[in-house]
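Here's a solo chain for you in structure tokens, the form predicted on its own.
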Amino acid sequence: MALKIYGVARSRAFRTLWMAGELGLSYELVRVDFADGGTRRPEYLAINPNGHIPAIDDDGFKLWESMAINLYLAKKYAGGAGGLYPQRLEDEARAWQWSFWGMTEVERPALTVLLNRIGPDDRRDQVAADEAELALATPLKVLDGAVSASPYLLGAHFTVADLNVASILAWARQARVNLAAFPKAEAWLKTCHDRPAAQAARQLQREG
């Protein structure tokens, strides 16, 4: 059975589609959209009872939560030195650290800026967007320091840690957050987003 990815590219499924591209995996994208109520239908709730996307079915193994999915896929399919998943226990822990950090420190303000700058006009709140951008400065300073010391979060090579954090910060780039005060983080983010697999996932977003 082929890997199935449930969701749409303009959601958190973007990061799973990016990961699948990096790994060169064949997959079936099963379109489940929150906008039309698809995430609340019984057949999807049987896969993810939380009613959120993405979720995957990997040869009968079902998993939800995008960060867990990406860590799982990277560990299963990217073995070997120089792969997307680290080999040392300490680096594995750092990959988890950065992934969870992205969710706890970056995602909420990045999403708030996005929704209030490029969301529907009648739902935008410029004050909320500006406050969220200010809140992003603290984690961006941490990120800038990390990628000043090495090209990527775990050292010399791009890994799942970079993909997971960069996928969250894609929202900040879309919302035109000014990263000039964090030049190392800005350059790192561009490098991550310029990867062919990231570009392919972005194309899926544009296609709807």
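Start at 1 and count along the sequence shown; that's the residue number. In this text the structure is predicted, and so the values were computed from the model without any measurement.
In what follows, reference is made to the form predicted in complex with a small molecule, a form of this protein that is not presented.
A heavy atom within 4.5 Å of the small molecule in the predicted complex is found for one listed residue only; from Met103, Ala128, Ala137, Ile118, this is Met103. For the candidate set Pro151, Pro183, Gly51, Gly145, a heavy atom within 4.5 Å of the small molecule in the predicted complex is found for exactly one residue, namely Gly51.
The shortest heavy atom separation between Ser66 and the small molecule in the predicted complex is within 4.5 Å. Judged by heavy atoms within 4.5 Å of the small molecule in the predicted complex, the contact stretch among the candidates 157 to 165, 51 to 59, 175 to 183, 22 to 30 is 51 to 59. The three marked residues, Arg15, Phe34 and Arg40, each reach the small molecule in the predicted complex, with a heavy atom inside 4.5 Å.
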